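Same chain, two versions here, written out as structure tokens and called structure 1 and structure 2.
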Structure 1
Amino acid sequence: MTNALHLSDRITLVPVLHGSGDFAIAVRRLMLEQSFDCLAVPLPPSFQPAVEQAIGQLPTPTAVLQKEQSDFFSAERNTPGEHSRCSYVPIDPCQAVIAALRSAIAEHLPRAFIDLETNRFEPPTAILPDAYALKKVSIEQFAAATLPSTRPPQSEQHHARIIHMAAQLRTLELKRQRILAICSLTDWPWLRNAYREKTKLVAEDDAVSDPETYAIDPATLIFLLGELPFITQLYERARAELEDDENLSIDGIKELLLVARDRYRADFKRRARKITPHLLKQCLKYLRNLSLVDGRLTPDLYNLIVATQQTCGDAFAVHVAETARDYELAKYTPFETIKCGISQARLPDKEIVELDNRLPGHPIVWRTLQLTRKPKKPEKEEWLMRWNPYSQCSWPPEDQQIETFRAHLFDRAKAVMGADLARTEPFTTSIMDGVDIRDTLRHWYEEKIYVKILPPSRGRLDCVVMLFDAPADPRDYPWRATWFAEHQEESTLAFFASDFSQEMVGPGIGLSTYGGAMFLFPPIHIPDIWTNRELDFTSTLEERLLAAACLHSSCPQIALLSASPPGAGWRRLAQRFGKKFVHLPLNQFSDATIQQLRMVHVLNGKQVRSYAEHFIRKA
């Protein structure tokens, strides 16, 4: 330890960044490395009993609130409609002050709360560096590097508090030999000055109300904790299981992505996009760059979600947002629960109060982004209850998308049919379908020009069968229907898909997934293939689709999109109708696009089309 942190022979003054797990670890390490006989923290003494009791409840995070007492002047100052104010101490395991108090209580070290009592707390504001730098430099270097940008106290109260804390340290060192004092990084140089210069006190303690402890609504923990709730949970887990927690501010993000990926897979099953290690690597690299461009070393929630949304899609980002919000270690506490917002909270009596953090970290900046959360169960049930069973229609953008894909498959199949016929030959009299520059160059030594001949493709196509999931489990695809075209540009469509009523995504909007589909274009009128007795000889869903395709197609060839080529059974089936399948492998197409094409939204009536866009998010 260098002298930079030594305030005197008896006092070690450690500047910390509030709300940072890295600093909490650094302080814990310092307390393990050296022996102290007293811990001084920058909180007023009125908070001591409540804060220490609440620390006993950890790992359940709580908040200790001190309401501002209203006197005549403050009542006058408050404009009507303005909420009353509270200052609070977040009992967050990733707060260095709380971590130090927690260790001190465990070690039976005496604690001193040395801050000035203030009725209305004015939190100092500062732009602070990222605490991750602490992994490369010591606390002294970190503090020294931030010195040039540290502003002197801006408010009278801040000034008075610093002088008061310096005086308290002087009093404390009369009794104690080895004091560990913790202060905010922004106060550090001014506290040292005040201590050295023995500045006279300029303010006295205010009369304050008794602090009260509250539990936090788990969904809004993110607004109380310095780190993401998931990362805080990892710190706590590492503490309980004696695991390594040295690099959790970065490794925690990686773990978060992996946990979110597991949940995403469990949720979407086979519909899930493949979140490969390569994709995660790209995502993390992009996340790193976004954080750097923002002037940070570790990502915030916003950048984390932006990066996952832009690399792995909306649905995965939703899981990341939900995982980041999760804190599973919270247990029952005897305290009443409040709901936190940004610098606001709703007390159990529904009153909304403005909050001032006594241990302020980075200022919170709220940036929103378009990301629709998953509907909650009651919402889904309500939407399902209001569903009118006699009215359903498709969502036109999806119709258009799958029709484009169908047209594209026709083109591909025709290319396959005509591929064998294309040839190249030396130029004689006609340039035919253009000079084949590649063959001309290849035979350059012959000094001949080669030309391409692309004969018109033989045959036409009017039917394509897409088998996205084969072999398909009939239990997964209970919704089987034949839909007729709304206009001449649409195909006749027969499909088997998952039950849309199981997945309501909005009022009057259900989501289903195609298992397989057959398209007939130009559209013709056919009997419902799922009830047509002529097709009863088939035993599986896929066979029924293929048999229907063979029955209703007027062309000798049928395009078949599937993962593996048609087996002997299916080929025999086609032969029976005098048809032939042109196989198009599924893996030639982008996985993400296929997953999107498979998702079909069912709307409860055409009026739903006008707002469906707001609720529909693709994987």
Structure 2
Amino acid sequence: MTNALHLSDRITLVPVLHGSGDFAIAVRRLMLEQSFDCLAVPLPPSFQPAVEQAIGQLPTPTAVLQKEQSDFFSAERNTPGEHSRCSYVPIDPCQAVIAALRSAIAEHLPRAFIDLETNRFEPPTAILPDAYALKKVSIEQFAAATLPSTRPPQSEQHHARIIHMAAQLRTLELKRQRILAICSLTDWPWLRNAYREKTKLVAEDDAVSDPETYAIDPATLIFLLGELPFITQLYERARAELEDDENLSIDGIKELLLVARDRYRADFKRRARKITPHLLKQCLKYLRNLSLVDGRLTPDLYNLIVATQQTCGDAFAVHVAETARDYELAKYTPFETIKCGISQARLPDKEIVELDNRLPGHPIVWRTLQLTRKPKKPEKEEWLMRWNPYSQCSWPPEDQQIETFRAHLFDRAKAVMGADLARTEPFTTSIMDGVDIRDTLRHWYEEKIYVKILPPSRGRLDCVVMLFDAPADPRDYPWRATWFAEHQEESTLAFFASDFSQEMVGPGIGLSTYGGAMFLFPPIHIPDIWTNRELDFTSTLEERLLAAACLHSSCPQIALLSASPPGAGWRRLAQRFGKKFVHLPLNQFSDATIQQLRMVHVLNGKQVRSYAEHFIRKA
């Protein structure tokens, strides 16, 4: 450590960025490396008993609130309808001041709260740098780099507090030999000046009320903590298990994504999109760029959700948002619970108060992002109870999407059918369909160039069978139906799928997943294949679809999309009807596309189409 942090022979003044896990680790490391006989923190003495008691409840985060006392002047300052105000100290493990106090209490080190007592606290505002730079530079280099942008105190109270803390440090060094003083990064240069110039006090302590400690509603913990609750939990777990916590501000984001991916898979099961390492790499790269655009080195929650939404879909982004606010280390405390918001809180008596943070970090602002939330269980039960069993229809955008894919399969199957007719011949006057390099090299001794000829495919197709899950378990796909086209651009459709009533996503909207489907285009009227006795000789869901395709198709060939080529049994089934399957491997198509196509939303009547878009989000 250089002399930049030495305020005198007895005082080491360390500037910190409040609400940063990186600074909390740096202060803790400093206290372990050096010996001190006193810790001074920038908080008023009235907070000391409550704050130290609340620190004993860690890792459960709490908040120590001090209500503003009402007097003639405060009543005059308040506008009608304005809520009463409180200043508070977040008992956050990732607060450098709290981490220092926690270590000092554990080491039985004397503590001094040196800030000025203020009835109404006026938090200073400043543009703060990203604390991740602390991984590459020392605290003094970090603080020195911020000096050009550090503004002098903007209010009389802020100026009086700095002078008061400087005076308290001068008094304290008369009693102690090695003092560690912690201050805000924005106060550091002005506190040094006030100490050295021995500026006279300009204000006295206000009469203040006794602080009270409250537990925090877990759902609103994200508004209290400086880091994300999930990241804070990782810091606490590493501290308890003596693991490395140096790079948790970045590695914690990666672990957050992995935990969210596991929860996403458990929630969506087979219809979950594959979140591959390559996709996560793209997500992290996008997240890095978003953070740089915002002038940050580490991502905030908003950029994290935007990146996951854009690369992995809405459903995964919702799981990331829910995982980010998880904090599983909270335990029961004897304190009453409050709900926090941005600069506001609802007290146990339902009173809403305005909050001023005594240890302010980066400002929190509302930013909007459109995500469809997951419906709650009572809502699903109510939607299911109101379902009309005599009215069903599909959602037109999904119909259009899968019909486009069906037409694409027809083209691919025709290309496969025409591949057998391809030939090569020596070049004469036209390169035809391109130079055939293989045959040209093979006949190199002839000194001729060979060209490819791909004649137009013969025949036509009117049926395609898509088997997304083979072999299919009938218990997973209890919904089997035959749907007829609403217009000439749609196919006659027969399918087996999961039960949509088990996954209600909106009022009159259910979600199902295809296991397999058969498309007949142009549409024709056929009997329901699931009750047709002509097909009773089949034993599996896939065989019934294939047999129905062979029975109702008027073409000798049928396109088959499946993971594996048709086996001997399926080929014999086709020969029984005089047909032949044209196989298209499932792995030739994007997994994300297949997962999107498998999801089908069932609407309880055509009137639901008018608002279905607000509830339907793809995985």
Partner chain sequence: MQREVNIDGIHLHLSHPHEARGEWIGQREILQQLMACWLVVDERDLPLTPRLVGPPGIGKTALGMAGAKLRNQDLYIYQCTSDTRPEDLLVTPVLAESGKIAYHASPLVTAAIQGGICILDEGNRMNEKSWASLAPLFDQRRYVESIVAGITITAHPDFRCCVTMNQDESTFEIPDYIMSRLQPTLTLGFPERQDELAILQYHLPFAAAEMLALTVDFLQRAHALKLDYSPRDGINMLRYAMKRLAQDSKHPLSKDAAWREALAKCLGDDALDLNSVAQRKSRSLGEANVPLGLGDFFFAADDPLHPDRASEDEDEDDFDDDFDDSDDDEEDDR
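Whichever C-alpha set is largest while still superposing within 1.5 Å between the two forms counts as the rigid core. Note that the structure is predicted; figures quoted are calculated from it, not measured. When a residue number appears, read it as a position in the sequence of structure 1, where counting begins at 1.
Where is the form predicted together with the partner chain shown, in structure 1 or in structure 2? That would be structure 1.
Taking the rigid core as the reference frame, is the Cα of Ile105 displaced by 2 Å or more between structure 1 and structure 2? Result for Ile105: no, shift under 2 Å.
Rigid core aligned, does the Cα position of Glu543 differ by 2 Å or more between structure 1 and structure 2? It does not, since the Glu543 C-alpha is displaced less than 2 Å between structure 1 and structure 2 after the core fit.
Once you line up the core, how about Arg196: does its CA shift reach 2 Å between structure 1 and structure 2? No, because once the rigid core is superposed, the C-alpha of Arg196 moves less than 2 Å between structure 1 and structure 2.
For Thr428, CA displacement between structure 1 and structure 2 after the core is overlaid, in Å: Taking the core as reference, the C-alpha of Thr428 is shifted 6.8 Å.
Core-fitted comparison between structure 1 and structure 2 - CA shift at Asp439, Å: In the core superposition between structure 1 and structure 2, the C-alpha of Asp439 moves 9.7 Å.
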